[in-house]
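Each of the two blocks below gives one form of the same protein chain as structure tokens; they are labelled structure 1 and structure 2.
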Structure 1
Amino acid sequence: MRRLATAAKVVVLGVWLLVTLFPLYWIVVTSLKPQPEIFSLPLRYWPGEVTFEHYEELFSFADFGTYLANSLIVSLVAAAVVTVIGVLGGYTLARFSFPGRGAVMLAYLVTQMIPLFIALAPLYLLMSDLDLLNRLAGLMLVYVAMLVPFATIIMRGFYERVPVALEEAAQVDGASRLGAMVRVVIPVMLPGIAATFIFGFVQCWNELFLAITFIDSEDAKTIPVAMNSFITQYDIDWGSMAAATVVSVVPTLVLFAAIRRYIVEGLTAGAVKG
């Protein structure tokens, strides 16, 4: 009976894995098909002739390399700034008692409940007055403002899981509060910091609504804005869309692979006293 239950679990998980991975597989296959074959019937689950024409079009005609670089710059810088502010803000809210701390937390939570499009018009006017439209710096600033409340809340939760006794022990040994935070708390917090950075990066990397509103210049377009241009009034360039999707997934996969190793190192570093 136990073997039957195990076999059933394996079958269910196998089916779920296939269902989950098939869209990714289909995107890759579509990016490798010639344009006429994408719409051919019956459907072909593997290209009759493998071609890289869609990838060549991306970097030859669509200037996709510039869009990729813009997305990397915006996402990395914004995620790094959000993480630093979240680390400091979360520590303040978790370790210090001061008048208005509850109001600050409530304000952060309320901002997460407000639909973004409500603030779009005044935000657009503000960006225009500051001459930040069609500028990567302006987009970074908006992303940071959008993500800081959530990052601070997340980091506060991670800090509250770290015993205060660790900092007190370091301070007894002569460390300042800042030194105790950097040398003792931060190593234990590395998994939380990595999670916050990943969250910020992915949110900035995939964001379309704000980017398409504030960016119209070809030199400042990010990947989501560029991919949106493949959709026209009468047609959708599915080949280029699929190729762009494959290319855009690669940096995220690389980041996740790197951060995964970093998280493991952080867990062990915070648990061992040198």
Structure 2
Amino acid sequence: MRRLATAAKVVVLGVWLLVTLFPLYWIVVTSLKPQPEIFSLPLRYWPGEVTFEHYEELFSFADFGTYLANSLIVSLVAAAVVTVIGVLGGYTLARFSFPGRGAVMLAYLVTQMIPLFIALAPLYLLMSDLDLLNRLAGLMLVYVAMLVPFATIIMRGFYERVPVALEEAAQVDGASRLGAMVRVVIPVMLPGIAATFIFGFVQCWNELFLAITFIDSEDAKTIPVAMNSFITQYDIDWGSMAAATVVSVVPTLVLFAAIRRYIVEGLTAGAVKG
């Protein structure tokens, strides 16, 4: 009976793993097939001939290098800024009680419920007024704003798990409040800080709708914007599309695997959207 249950469990888990991984497998295989083979029947489940031509095309014709660099710059800067903001803001929300604290928390939580899209049109007008359309800097500003609430709330949660006594001991030893924060608290929280940074990075890296609203010049496109212009063409070149998907997904897979645990803790501790 027990052995039967174990066997059933193995089968179910195996099937689900297959279902989960197959799309990923399929996009990788597609990206490695020569162009004619992608569009020919019967379908082959392994390329008859493995080729990297789609990856080469991406970088030679489509200027993917520029998009990749843009995505990297925007995501790194926005994530760094938002992490610093989260570290500072989370600290005050966790360690001080002051008038307006509840209001700030509420204002941040509410943004997590508001769909971004209702602000899309006015945001476009704002960016246009500030002359930030088609600029990476504009994208960074909006991304920081988009991530501040999550970063602050999740950092607050991490601080609350660090005993106040730890800090007070350092302050008794003569360190200032800021000194105690930098030397004692921050080291304890490094994993949490890293997780916040990576989460922010991945969110920016993946963001589509704001980017396509504000960016249409070639030299400011991020990867999602570039891929979006692939699909708005009449015929989709699935070979390049598959290669682009693989290139843009690999970094996020690695990064997310590293921080899954912390994000889950943060999510289950506070009511924040995923």
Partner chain sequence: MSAPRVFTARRAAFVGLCLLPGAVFVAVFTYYPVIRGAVIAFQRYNLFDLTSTPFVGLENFRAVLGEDRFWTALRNTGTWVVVSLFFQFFLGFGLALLLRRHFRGRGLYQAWVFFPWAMSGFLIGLLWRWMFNGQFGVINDLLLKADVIDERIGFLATPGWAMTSVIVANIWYGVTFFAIMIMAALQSVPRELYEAAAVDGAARLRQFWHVTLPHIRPTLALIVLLRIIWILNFPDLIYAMTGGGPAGSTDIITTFLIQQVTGGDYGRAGAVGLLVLGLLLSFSVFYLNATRFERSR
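Just so we're on the same page, rigid core means the largest C-alpha set that superposes within 1.5 Å between forms. Numbers given to residues start at 1 and step along the sequence of structure 1. These numbers were taken from a predicted model, which means no experiment stands behind them.
- Matching each structure to its source, the form predicted in complex with the partner chain turns out to be structure 2.
- Once the rigid core is overlaid between structures 1 and 2, V249 counts among the residues whose Cα shifts by 2 Å or more.
- F39 shows a C-alpha shift of 2 Å or greater between structures 1 and 2 [criterion: core-superposed Cα displacement of 2 Å].
- Once the two forms are overlaid on the core, A8 shows a Cα shift of 5.2 Å between structures 1 and 2.
- Overlaying the rigid core between structures 1 and 2 leaves the Cα of L17 displaced by 3.3 angstrom.
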